[in-house]
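This document opens with one chain alone, in structure tokens, the form predicted on its own.
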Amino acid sequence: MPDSRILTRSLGLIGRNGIALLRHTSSVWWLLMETLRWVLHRARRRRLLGDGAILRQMEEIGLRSLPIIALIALLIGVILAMQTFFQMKRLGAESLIGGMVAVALTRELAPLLTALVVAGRVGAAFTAEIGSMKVTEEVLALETIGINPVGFLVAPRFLAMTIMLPALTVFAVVLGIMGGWALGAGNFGMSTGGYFDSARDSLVLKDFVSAGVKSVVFGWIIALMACYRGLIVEGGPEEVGRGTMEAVVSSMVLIVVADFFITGLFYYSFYLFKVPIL
């Protein structure tokens, strides 16, 4: 009997969690469709960036994230150069360090780390702001006066994230490559021309396309999860804090999962189907 009760409870827990996952997935999908509909509507009216709310969100996401992104990118570039130098020195291939740093940053580290930092910094702010509006019934007030909360609260943040996260990723790539060059030229006696020639020759179009797709998808994940968690907050201020934590954690997990699938999609498709992006 005890074993059967444990099994019943376990199956019930799995079933409830599965149903909740399906409900959240369908709700986030609906939110994405509504947000895209609003963005396309504004694009048709040629007012895509004519709203001050979008520009304010772009400033919050982009300009105010620059210092921390710059610090992390520089340090990652230095660490990559340091790690690769001692390994490549054994093989007499120090000239390849610039290419290794550039490829690692562009393909993987810059999009991923930038998204994780923005998810922790900006995503948490999105959820806290919208969640606070939800518990104080400001979202209900918007609906009462005929303003669509998705168009007013979610879409500006979604569009701003779609624009600014790729821009921050490019910034992180450049700063990371410069950080690797500073260490190599300053401490290891590497030539500046050789470092940047190696970086230029190693990067191909596939790397830039992969980084661009990843940064856009990561931006969508951050914006949707942060706004969705804010919109479903129920209760008091303590629920806002819980919703913010759940938004950040779920965003980070989904970013890593999406990174896995996008990387596999790009590289396996290139090798298996010979997609001509080289």
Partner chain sequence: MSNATAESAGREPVIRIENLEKRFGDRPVYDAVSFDVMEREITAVIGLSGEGKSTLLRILSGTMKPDAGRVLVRGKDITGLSPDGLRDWQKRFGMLFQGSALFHSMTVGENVALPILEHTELDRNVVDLMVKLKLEMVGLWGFENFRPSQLSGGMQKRVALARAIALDPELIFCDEPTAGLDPIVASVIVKLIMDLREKLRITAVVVTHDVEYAFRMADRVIMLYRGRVVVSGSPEELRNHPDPVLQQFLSGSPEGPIPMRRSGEEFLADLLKQ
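Numbering follows the first chain given and starts at 1. Please read these numbers as outputs of a predicted model, since none were measured by experiment.
Quick note: we don't show the form predicted in complex with its partner chain, though the next part is all about it.
- Stretch-level contact analysis of 195-203, 131-139, 118-126, 161-169 against its partner chain in the model of the complex, using heavy atoms and a 4.5 Å limit, identifies 131-139.
- Just one of Gln83, Thr144, Asn187, Ser191 comes within 4.5 Å of its partner chain in the model of the complex, counting any heavy atom, and that one is Thr144.
- Phe152 belongs to the set of residues with a heavy atom inside 4.5 Å of its partner chain in the model of the complex.
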